[in-house]
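Given as structure tokens, the chain that follows is alone and in the form predicted alone.
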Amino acid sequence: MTRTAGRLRERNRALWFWVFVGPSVLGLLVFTYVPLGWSVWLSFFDAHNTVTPDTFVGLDNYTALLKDDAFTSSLWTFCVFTLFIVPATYAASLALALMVNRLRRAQAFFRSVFFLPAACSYVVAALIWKMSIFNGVRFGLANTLLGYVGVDQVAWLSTTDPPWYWLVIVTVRLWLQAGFYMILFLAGLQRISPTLYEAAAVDGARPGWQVFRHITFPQLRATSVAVVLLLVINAFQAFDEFYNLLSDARGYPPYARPPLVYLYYTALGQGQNLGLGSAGAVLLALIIAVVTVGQARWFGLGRKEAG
């Protein structure tokens, strides 16, 4: 009886495990792994206007993509975007975390306020930035404020010299994601032992920059590495803000076109070259993987620190 009851309990545990986990595994398989595998398969075929091609072209899609100036230009756009958004978000989120962590009262309130933009849709935020703040006409908030100080109106999203559109793109992404990374830094700050600060005070360390430089910042190393990795990966996947800010009834301008926007027009545009678009998606995934692994090795992620 005991063995039978034990087997029944084990079966029930296995059954309930798959009841709860099964739908997630099925969804992951159907909506993630199967499309990924199908995309890799399509990248080796001439797939114009079809997802079931029969003309095998080997690596022709990849070579054509690497020779396409528009694709290489989209990679440079990503590099510029990363150069702006990663340091800006890192500094802003760390500053917010330090500020909130020092609060004695209403810490939960301010933590929620700063995190709230992370729950906002990228599309909605982009439209607010485009139509209300950086409208490009005298009714836009930015141009209204500039008018008060006697500065002429600026066509923020269509001016390429200087490229003011970067200000719009970077600020909307910064507003959307700074609160999320602030939470990560807050978690890192709260793991720092208070005894380290007490020992520093006994040794005569001055509160402020000296304590931050020699205690707080080094203790946030693991959190900083994770934040930088996530920021770079998310920069590679930028699409919503670029597309909704810069596109209009005439289409998308030739500048500031990141890889996902390029692939969108390649695979779903007039030509609907799904083979070329799939090859671009595979190359983009490989680039993300290489950059992520390279960063992890550079920062020593997962390596045991010397005792």
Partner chain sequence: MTISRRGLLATGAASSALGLLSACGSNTGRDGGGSKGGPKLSQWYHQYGEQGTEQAVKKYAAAYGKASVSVQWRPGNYDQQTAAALLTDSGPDVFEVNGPSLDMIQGKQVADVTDLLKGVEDDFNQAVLAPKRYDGKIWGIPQVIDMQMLFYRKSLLDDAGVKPPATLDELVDAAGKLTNSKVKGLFLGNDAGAGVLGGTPLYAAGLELVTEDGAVGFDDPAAARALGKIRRLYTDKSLLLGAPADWSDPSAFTQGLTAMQWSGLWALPAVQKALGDDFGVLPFPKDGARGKPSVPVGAYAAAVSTRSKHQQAGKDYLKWLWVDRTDYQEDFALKYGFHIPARISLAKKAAALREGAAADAVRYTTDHGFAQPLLWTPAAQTAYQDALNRIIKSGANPDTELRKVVRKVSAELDRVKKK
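Everything numeric here is computed off the predicted structure, so don't read it as measured data. Take the two forms, superpose them, and find the largest set of C-alpha atoms that agree within 1.5 Å; that set is the rigid core. Numbering follows the first chain given and starts at 1.
We do not show the form predicted in complex with the partner chain, though everything after this point is about it.
Using a 4.5 angstroms heavy atom cutoff to the partner chain in the model of the complex, all of Gly251, Tyr255 and Gly271 count as contacting. When the partner chain is considered in the model of the complex, only one residue from Ala200, Met131, Leu146, Ala91 comes within 4.5 Å through any heavy atom, namely Met131. Out of the listed residues Thr82, Thr72, Gln210, Ser158, Ser158 is the one that sits within 4.5 Å of the partner chain in the model of the complex by at least one heavy atom. Residues with any non-hydrogen atom within 4.5 angstroms of the partner chain in the model of the complex fall in just one of 192 to 200, 74 to 82, 131 to 139, 210 to 218: 131 to 139. A residue is said to contact a partner when one of its heavy atoms sits within 4.5 Å of a partner heavy atom; Thr63 fails this definition for the partner chain in the model of the complex, lying far away. The partner chain is not drawn, but in the model of the complex it has a heavy atom within 4.5 Å of Pro23.
Heavy atoms of Phe56 never reach within 4.5 Å of the partner chain in the model of the complex, leaving it off the interface. The closest heavy atom approach of Val290 to the partner chain in the model of the complex falls outside 4.5 Å. Residues are counted as partner-facing when one of their heavy atoms sits within 4.5 Å of the partner chain in the model of the complex; in 22 to 54 these are Pro23, Leu26, Phe31, Asp46, His48, Asn49, Thr50, Val51, in sequence order. Once the rigid core is used as the reference frame, the Cα position of Val25 differs between this form and the one not shown by 2 Å or more.
With a cut-off of 2 Å and the rigid core superposed, Leu286 has a Cα displacement that falls short of the cut-off between this form and the one not shown.
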